[in-house]
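We begin with a single chain expressed as structure tokens, specifically the form predicted alone.
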């Protein structure tokens, strides 16, 4: 792909990016080379245009129902205008609204993890200390209420729908325990990881036990469709981790690979949990698809912003080391966009930033490029799509809270 990159601007015009000087690179050429530079730029622009359409073709053919970048081409500015509610009722903070149905969340999870062995009990309960964001359970119960109201104006959350919120948090937490083993991580949420305290072997077993408890809770719901929906999440988590362990040499395939990995590791859980509560509360498949699409798009945006924060936030704020992805050899959105301006990053990506100085140089390239901004713009596009989907439901405070959550995803700093 040409080094110029046809990219999003705030007014959504596309134009080739001017390459910024890299670390240690010389300055601009003199005026004597202006004509040659102009001719070269025109040729580069033509090549970039063809490369852009090749990228779109690659993404849309690989994921026809999941990732369509072509629709972004003529969209209005990426501004999330979600601060006003649309139902006409008094606005309530999404987290306060969601917590009405989540009182005793962590106590109930600990009951599901009823374990007689003291050490194993302590390991499994370690992250269920009430200090997490509980982002997934909040979305799940808000979606449950929004779908129930849309279907028959019921303002109650069914016990089975609330159980999905617990199960989603348990699956998510088990995946964190396993991820920390794979990544040899030493800190999460501002404290030592399970694997650093108890060792890798016991951490793997603790993650497995949390997953088994979640599976038992899921089976108790007694709905085979819901069981099928949420077991897909566990498969996606495994496949996503395998995708993360690999990389693609072709640049077009690399970006599609990154988006697929992001969906499977992060967005699938949110999308399918939203779909599960919609199935339990409403028989309409159209509503099920709305719930799924909202969760998918918010989940993708959530992870894109997480990848941005790895470059822009501090370790104390995040509760885990920053630049962690580069140190793990991972090329996330900001890196892939930066690579369009600094093609020399390709070699670093293929060797997974393993040579001395690679991590620091790659970080400098990202910060000198517009990789962070472009990844943020892409997250905004996904949030706009989430808002478009959820707005199809009947107005309610919960629907409006889900709209507001899409803005919170974009503006969070940890």
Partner chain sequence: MSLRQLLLRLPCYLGASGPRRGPLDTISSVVSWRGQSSRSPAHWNQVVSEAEKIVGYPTSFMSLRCLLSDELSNIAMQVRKLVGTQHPLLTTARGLVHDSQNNLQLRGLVVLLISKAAGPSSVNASCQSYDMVSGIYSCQRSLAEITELIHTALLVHRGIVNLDELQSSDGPLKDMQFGNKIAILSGDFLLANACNGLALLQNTKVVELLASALMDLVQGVYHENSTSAKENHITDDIGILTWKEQTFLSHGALLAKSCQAAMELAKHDAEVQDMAFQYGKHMAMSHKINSDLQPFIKEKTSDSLTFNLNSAPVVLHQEFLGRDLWIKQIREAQRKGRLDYAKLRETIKAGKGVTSAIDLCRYHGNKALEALESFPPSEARTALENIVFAVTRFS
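Positions refer to the first chain, counted from 1. Just so it is clear, the model here is predicted, and its values are computed rather than measured.
Keep in mind that the form predicted together with the partner chain is not shown, yet the notes after this line are about it.
Q) Which of these residues, 153, 96, 212, 186, gets a heavy atom within 4.5 Å of the partner chain in the predicted bound form? A) Contact residue from the list: 212.
Q. Which residue among 241, 125, 108, 251 has a heavy atom within 4.5 angstroms of the partner chain in the predicted bound form?
A. Of the candidates 241, 125, 108, 251, 241 is the one lying within 4.5 Å of the partner chain in the predicted bound form.
(Q) Just checking whether residue 159 would be counted as a contact of the partner chain in the predicted bound form - the rule being heavy atoms within 4.5 angstroms. (A) Contact with the partner chain, no.
(Q) Does any part of residue 208 reach within 4.5 Å of the partner chain in the predicted bound form? Heavy atoms only, please. (A) Contact with the partner chain, yes.
Q: Would you please decide whether residue 287 lies within 4.5 angstroms of the partner chain in the predicted bound form, comparing each non-hydrogen atom pair?
A: The answer is no: residue 287 has no heavy atom within 4.5 Å of the partner chain.
Q. Would residue 119 sit within 4.5 Å of the partner chain in the predicted bound form, counting heavy atoms only?
A. Yes, residue 119 sits close enough to the partner chain in the predicted bound form that at least one of its heavy atoms falls within 4.5 Å.
Q: Could you tell me which of 193-201, 292-300, 126-134, 268-276 sits within 4.5 Å of the partner chain in the predicted bound form, going by non-hydrogen atoms?
A: Within 4.5 Å of the partner lies stretch 193-201.
Q: Tell me whether 216, 220 and 228, taken together, all sit within 4.5 Å of the partner chain in the predicted bound form, counting heavy atoms only.
A: Yes.
**Q.** Within 165-188, the residues that have a heavy atom no more than 4.5 Å from the partner chain in the predicted bound form
**A.** Contacts from 165-188: 178, 181, 182, 184.
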